[in-house]
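Below you'll find only one chain, the form predicted alone, shown as structure tokens.
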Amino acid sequence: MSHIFTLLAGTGAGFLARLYMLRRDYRQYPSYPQGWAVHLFVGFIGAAIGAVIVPAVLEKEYAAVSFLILAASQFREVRNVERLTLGAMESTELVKRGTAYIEGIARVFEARNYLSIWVALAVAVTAELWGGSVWEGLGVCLLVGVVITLLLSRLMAGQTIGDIATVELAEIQFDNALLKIEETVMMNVGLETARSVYRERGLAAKIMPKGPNAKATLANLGQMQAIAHDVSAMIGVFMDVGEQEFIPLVRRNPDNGCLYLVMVPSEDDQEAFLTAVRRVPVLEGAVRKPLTSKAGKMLD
């Protein structure tokens, strides 16, 4: 009974931290309310594990600690579930996410459960060390929980395209049926009606890497597909099923490492288009840092 306050405070803090990190945005996942129910329940289990560890150690129940650590390792199955779910949903997307983006999302959902364990553990330690009144202890635990949650969320926040590259509008040109941006051929648009749509409504962006590391990151095929998917998800795309000529497309200029994105958005808003490109997340699996190697420094 002496550890009830610790268990309740730690579990509650971890659960609330998972709730804070669970949000639905333009990516349309997780679904509401079924997806939320699953993730909140798993987050509650993680919070309970984090809170129980402290009393178990204090009572020298080391077998229980080992069991809890083993139970926490099962959260890797969360990644597998998310990967399978998003993979099954891929066929319903007008613009595909790509396997790299799906893997990145699955990693995030797994990691957030571990973050709830860390928050619960930190609050549980605070509750055990606190020697004042219960109400004052609740205030201190709340403060610690908020600080740890915000800190971990900040550390988990990755970069966006706007952080590693300069994004500007580019001009769409046609050389007979070839759609070009500067000197890069994007695609062959055979129908005159489709070419007229690109002339009237099409938008293009030039994504210029800020350095060799950014250049290597943008060269990742998964990152290129993520740009096309996210921009179309944020501002909409002017196309229907089977209209291959209107699928957003990203090509790379091998001479300078620049990326070119061309699409027909549902609304002709240039600022919204550029903002959407800049806000596309940099995939964790796409990050490359050649400058950390000796050969990379020689080439820089």
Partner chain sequence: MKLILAVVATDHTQVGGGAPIFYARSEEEKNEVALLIAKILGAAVHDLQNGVLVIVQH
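Quick caveat: nothing in here was measured; it's all calculated off a predicted structure. Residue numbers count along the first chain shown, from 1.
Same protein, other form: the form predicted in complex with its partner chain, not shown, and the subject of what follows.
Which of these stretches, 188-196, 111-119, 131-139, 224-232, has heavy atoms within 4.5 Å of its partner chain in the predicted complex?
The contacting stretch is 188-196.
Could you check which residue among Glu183, Glu200, Asp175, Glu171 gets a heavy atom within 4.5 Å of its partner chain in the predicted complex?
Looking at the other structure, the residue within range turns out to be Asp175.
Quick one: does Gln34 come within 4.5 Å of its partner chain in the predicted complex, counting heavy atoms only?
Residue-level check for Gln34: no, no contact with its partner chain.
How about Glu59: is it within 4.5 Å of its partner chain in the predicted complex, going by heavy atoms?
Outside the cut-off, so no.
Quick check on Asn256: any heavy atom within 4.5 Å of its partner chain in the predicted complex?
Contact check for Asn256: no, nothing within 4.5 Å of its partner chain in the predicted complex.
Please check if Glu243 has a heavy atom lying within 4.5 Å of any heavy atom of its partner chain in the predicted complex.
Close contact exists here: in the predicted complex, Glu243 approaches its partner chain to within 4.5 Å, heavy atoms only.
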